[in-house]
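So this first bit is one chain, no partners, the form predicted on its own, shown in structure tokens.
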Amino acid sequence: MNSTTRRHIPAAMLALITVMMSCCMLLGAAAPAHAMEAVKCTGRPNSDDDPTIIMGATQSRITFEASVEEGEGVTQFVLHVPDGTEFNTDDLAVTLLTGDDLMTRTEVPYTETVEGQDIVLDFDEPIMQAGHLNIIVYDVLFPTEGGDMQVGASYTTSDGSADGTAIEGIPTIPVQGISKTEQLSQWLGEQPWVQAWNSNRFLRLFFDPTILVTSFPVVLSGFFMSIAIVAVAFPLAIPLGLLLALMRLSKFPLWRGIATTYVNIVRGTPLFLQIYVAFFGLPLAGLNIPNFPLGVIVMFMNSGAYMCEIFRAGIQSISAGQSEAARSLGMTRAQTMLYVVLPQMFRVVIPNLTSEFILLYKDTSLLAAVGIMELVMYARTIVASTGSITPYIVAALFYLVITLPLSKLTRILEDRSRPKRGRRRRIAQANAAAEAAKAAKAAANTAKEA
């Protein structure tokens, strides 16, 4: 600073600048020449569904790495494991990565102490070599509820420039919480009776309780999809089947020919083939339809061909005399069909329609082949990740939940649809046989007394 500048600066200001420069020099002398920095802090993914997700309450590990400068002289390192996290230090790995490519691994002798969530490492000799201090904690169980896990770290140097100095900028570890069913599955896996059950290879493969619990809510989503497909396809198939039945009974050869050709082709080819033609053939022809609507279309068009035969048989089962009586009263052919024949026909075919509903519901499993996420597709996804057949058993239970009650309903409807006259005749015959037996018994008693 020259003399001219000194004349224009007040003495008090000059003294303040001098004091500030002295303080900065003192702070610079007290600060360490180097400071450890966090390089990475990660957890090992442990999800069966997604290889990038870290799940809570599931075995994982923590890998922490920090840079060490030449001559830093680190004597102690403290790693703070996130609160609520369980860990085991039996297999703790502490190494120093050195070299230009950090591929040279050197074991660092240390004495370990665990104080709550802190892992205290006292090194036998100060770390003077430059490199990356790598610490791996195995058998880590993050909290069940998950969240962003913050690992803490601090260190001490031999020259006293750092004494429990915290390392800043450590990234958090994102952990996804597990559901109640996954918690229940883990609890079951720890039970002695489940372990004894799974010790049998057959039982573990087909009826693993831990997989049974976790697969249930997943397969349930596919159950709703299957029900949604049937709920839309079945009502659409009824008018299609009725229209085809009326066309087959028509006096016009053209209508009969169209309906007969359609029914014979659909009933004569596998539904699986029809699904493949629709899902892979239509896109090649330039017609792209979303999977769900296309699946519904294939299912109701196939079911409509079978319902055509059900309705046709039901219409032909109605006595021709009723149609003739209606025509004699002046009703047209259409009125006779609408008001006389069809109401009676529907009462007759209800059991068969119930059976067709059951078949349609089971046939939705074929849509798994083209990627529609229904019951079998969800079950197959879990089987691929677990190697257990148990999810297929769960899917079978969902099918039985619908088919068994409907099968019982079908039998009840069939019993009620039987002609009452025939039932009365059978009752009368049984009563007559009983009376004849009583009479024969009385005659035998009389002869015995005589």
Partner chain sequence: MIITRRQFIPLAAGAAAAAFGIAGCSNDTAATTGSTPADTGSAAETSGDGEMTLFEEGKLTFATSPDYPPFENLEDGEYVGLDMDLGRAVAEYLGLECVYTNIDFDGIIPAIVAGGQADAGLSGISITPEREEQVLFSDPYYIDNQAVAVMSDNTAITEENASEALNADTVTIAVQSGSTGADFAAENFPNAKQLPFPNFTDAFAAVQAGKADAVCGNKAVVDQMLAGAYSDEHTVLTSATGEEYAIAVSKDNPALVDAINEAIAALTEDGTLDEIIAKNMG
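In this text, all values refer to a predicted model and were calculated from it rather than measured experimentally. Positions refer to the first chain, counted from 1.
What follows is about the form predicted in complex with the partner chain, which we do not show.
Y138 is the sole member of W255, F207, W187, Y138 with a non-hydrogen atom within 4.5 Å of the partner chain in the predicted bound form. Only one of Y276, Y262, Y110, F216 comes within 4.5 Å of the partner chain in the predicted bound form through a heavy atom, and that residue is Y276. Stretch-level contact check against the partner chain in the predicted bound form with heavy atoms at 4.5 Å: of 217-225, 284-292, 110-118, 78-86, the positive one is 284-292. Remark: A320 does not count among the residues lining the partner chain in the predicted bound form, judged by a heavy atom distance of 4.5 Å or less. Although the partner is absent here, A130 lies well away from the partner chain in the predicted bound form, with no heavy atom inside 4.5 Å. Shown alone here, P171 lies farther than 4.5 Å from the partner chain in the predicted bound form, counting heavy atoms only. In the predicted bound form, none of the heavy atoms of G56 sits within 4.5 Å of a heavy atom of the partner chain. Taking a 4.5 Å heavy atom cutoff to the partner chain in the predicted bound form, the contacting residues in 37-54 are K40, T42, G43, R44, P45, P51, T52.
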